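Only one chain is shown below, in structure tokens, and it's the form predicted alone.
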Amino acid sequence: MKVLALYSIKGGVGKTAAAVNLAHTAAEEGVRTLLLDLDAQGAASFYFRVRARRKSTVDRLLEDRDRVQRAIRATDYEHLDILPAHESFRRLERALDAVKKSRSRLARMLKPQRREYDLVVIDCPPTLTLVAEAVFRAADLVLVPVVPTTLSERTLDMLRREFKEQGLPRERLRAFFSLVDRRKRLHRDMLEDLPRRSKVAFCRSPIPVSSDIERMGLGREPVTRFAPQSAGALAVLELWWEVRRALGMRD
């Protein structure tokens, strides 16, 4: 089982949409996929029309790994399940801080799922806290959406330094361009220049600004489902192929 985390310090960069679409794309290829919605806002759960059970509180999930299995819900798509966000996930930081070996707790929580799934996709909250540290240690690959602007470059470098301070391998960190508008000169320049000067590896498949991706919230479906031939969906497919290779998964 491989663990892929979609993470960004910044909000509003297309992180959740990427998590949802990549999870659906993987499942469409027959990869047994679990989407873990750790963001208390629950946007990924909303897209899949799934609500958490009342008893699926963060404290119970961290204390009892058997409860994790009971908290997982099926989606409308074959090979794709979800552990939906619960309102108590707003307390995830405090809950982790209260348990032993907090930084490795998420990895331990996911370990029993190896029998059921080939891939876990984590939609992470946009915070650089103990929760993020636990995610970084659980993930085989941390995928970071980067809007091609100067501020995004700074936050990416901040994340790289965080990996270095934690002693995590830089190879576990990878970025991709998100919300790209090639009509803008700054975006075109950043697409060309940033991967050359960044100390973080970049995927070659950018995700464009897309009205179809923006419509995901209306139909509550992945764009790879309702508009599979759109520019946004095809870009997700190309990104998935890169991610799959980076994770060492078979074609």
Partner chain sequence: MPQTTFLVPSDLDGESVAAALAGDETLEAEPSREYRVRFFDTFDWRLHRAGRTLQRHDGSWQLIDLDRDAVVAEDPARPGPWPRFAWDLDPDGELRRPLGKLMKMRALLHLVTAGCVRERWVVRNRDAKIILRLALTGFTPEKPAVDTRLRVLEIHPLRGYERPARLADEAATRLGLAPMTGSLLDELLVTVGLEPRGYTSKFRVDMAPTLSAIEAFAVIGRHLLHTIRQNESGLRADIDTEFLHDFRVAIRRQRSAFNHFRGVVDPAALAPYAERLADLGRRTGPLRDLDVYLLDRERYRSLIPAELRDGLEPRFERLAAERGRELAQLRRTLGSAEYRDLMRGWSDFLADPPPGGLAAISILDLARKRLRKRHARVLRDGRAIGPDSPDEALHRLRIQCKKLRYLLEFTASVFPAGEVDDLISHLKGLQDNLGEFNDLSVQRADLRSALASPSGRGQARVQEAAALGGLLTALHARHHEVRDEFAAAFADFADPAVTRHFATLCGKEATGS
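The model shown is predicted, which means the values in this text are computed figures rather than measured ones. Numbering follows the first chain given and starts at 1.
There is another form of this protein, the form predicted in complex with its partner chain, and it is not shown here; the text below is about that form.
- For the chain shown alone, Phe89 is not a contact residue for its partner chain in the predicted bound form, no non-hydrogen atom being within 4.5 angstroms.
- Mapping the unseen interface onto this chain, Asp97 falls outside it, with no heavy atom inside 4.5 Å of its partner chain in the predicted bound form.
- None of the heavy atoms of Phe176 is located within 4.5 Å of its partner chain in the predicted bound form.
- In the predicted bound form, Arg53 approaches its partner chain with a heavy atom inside 4.5 Å.
- Just one listed stretch, out of 69-77, 141-149, 122-130, 99-107, contacts its partner chain in the predicted bound form at the 4.5 Å heavy atom level, and that stretch is 69-77.
- Proximity to its partner chain in the predicted bound form, defined as a heavy atom within 4.5 Å, holds among Arg204, Arg196, Arg185, Arg49 only for Arg49.
- Within 4.5 angstroms of its partner chain in the predicted bound form, the stretch 109-131 places a non-hydrogen atom from each of Glu116, Tyr117, taken in sequence order.
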